[in-house]
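The chain below stands alone and is given in structure tokens; this is the form predicted alone.
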Amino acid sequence: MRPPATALRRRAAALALTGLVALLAGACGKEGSPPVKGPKPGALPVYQVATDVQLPDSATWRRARSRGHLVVGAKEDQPYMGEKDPATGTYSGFDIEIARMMAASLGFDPKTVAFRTIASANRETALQNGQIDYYVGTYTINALRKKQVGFAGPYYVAGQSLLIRADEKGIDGPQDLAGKRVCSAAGSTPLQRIQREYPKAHAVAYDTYSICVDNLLSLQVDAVTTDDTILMGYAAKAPKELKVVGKPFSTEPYGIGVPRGDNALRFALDDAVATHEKNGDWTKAYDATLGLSGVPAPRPPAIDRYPAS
């Protein structure tokens, strides 16, 4: 039986003031709040920094070498994938570890990587304008994006799914969304898929998924939709309140975005992904981050070494 609406709205007010992550971190000090989960000390791999890297044909690598560190685009509101601690400014998650192991293979100390939060709608522009050297943030490889940027990988394959309240009944997949308010990030492919393939659902868009989740908890929307990796993180943070339902209904190969035409950098990152999958870093990083959601590490996908563009 669903708790009284007033109780949920009262909880939603706290969420609106502190944010979901802050609430789950115990900012409100509420008894019974889910504990913070994160990598245990020593659980993350230590990436060996390559000392013999030379990429003279990569303008991106040369600029980074000149400044002394890499600037990497990332997400900051995706638990276990790309999350920023508002108190310390520290980024964590599986995507963040992918970015760090790539840095090591390019000859940079992972501790020196400067992460920059870039919204989904601004990823291509940030790469094209040189604001970032590469981007790691649940970035699906597709034909349209390949016309604007390059992609190394994929390093993971996700799928679109649905997050609902734990006590919700009657939503088991996208076929049950007719008449339901479904939230996703503005400009995202999950939002576009709902609008295109499930037009009887009422699509709602916000800038971030954390706002969608706040609205889900406050009964303003009935479901949140995006890649299952992101939803798994939110459900793992609040397992008594949220759950992921149904089977994934899309295929989302995650790639590392690079400036289009910088094939030297793209091919070097392809090699780096293969190396870290083979030496066990990939699995260890997954287990310490996204694996905390309870889903075991899958087999890494085959790398798509498409021709130079």
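Small disclaimer: the values here were computed from a predicted structure and weren't measured. Start at 1 and count along the sequence shown; that's the residue number.
Just so it is clear, the following notes concern the form predicted in complex with a small molecule, a form of the same protein that is not shown.
Novice: Evaluate residue 227 for contact with the small molecule in the predicted bound form, applying a 4.5 angstroms cut-off between non-hydrogen atoms, and reply yes or no.
Specialist: Output for residue 227 is yes: heavy atoms within 4.5 Å of the small molecule.
Novice: Taking any heavy atom pair closer than or equal to 4.5 Å as contact, tell me whether residue 270 reaches the small molecule in the predicted bound form.
Specialist: Residue-level check for residue 270: no, no contact with the small molecule.
Novice: Any chance residue 237 has a heavy atom within 4.5 Å of the small molecule in the predicted bound form?
Specialist: No, no contact at 4.5 Å.
Novice: Answer for residue 123 alone: is it within 4.5 Å of the small molecule in the predicted bound form, judged on heavy atom distances?
Specialist: Taking the distances in the predicted bound form, the answer for residue 123 is yes, it comes within 4.5 Å of the small molecule.
Novice: Would you mind picking the one in 94, 209, 134, 155 that has a heavy atom within 4.5 Å of the small molecule in the predicted bound form?
Specialist: Looking at 94, 209, 134, 155 one by one, just 209 meets the 4.5 Å heavy-atom criterion.
Novice: To verify the annotation, which of these, 241, 262, 252, 281, has a non-hydrogen atom within 4.5 Å of the small molecule in the predicted bound form?
Specialist: By the 4.5 Å criterion, the partner-contacting residue is 252.
Novice: At 4.5 Å between heavy atoms, only one of the stretches 83 to 91, 108 to 116, 185 to 193, 216 to 224 reaches the small molecule in the predicted bound form; which one is it?
Specialist: Going through the listed ranges, the match is 185 to 193.
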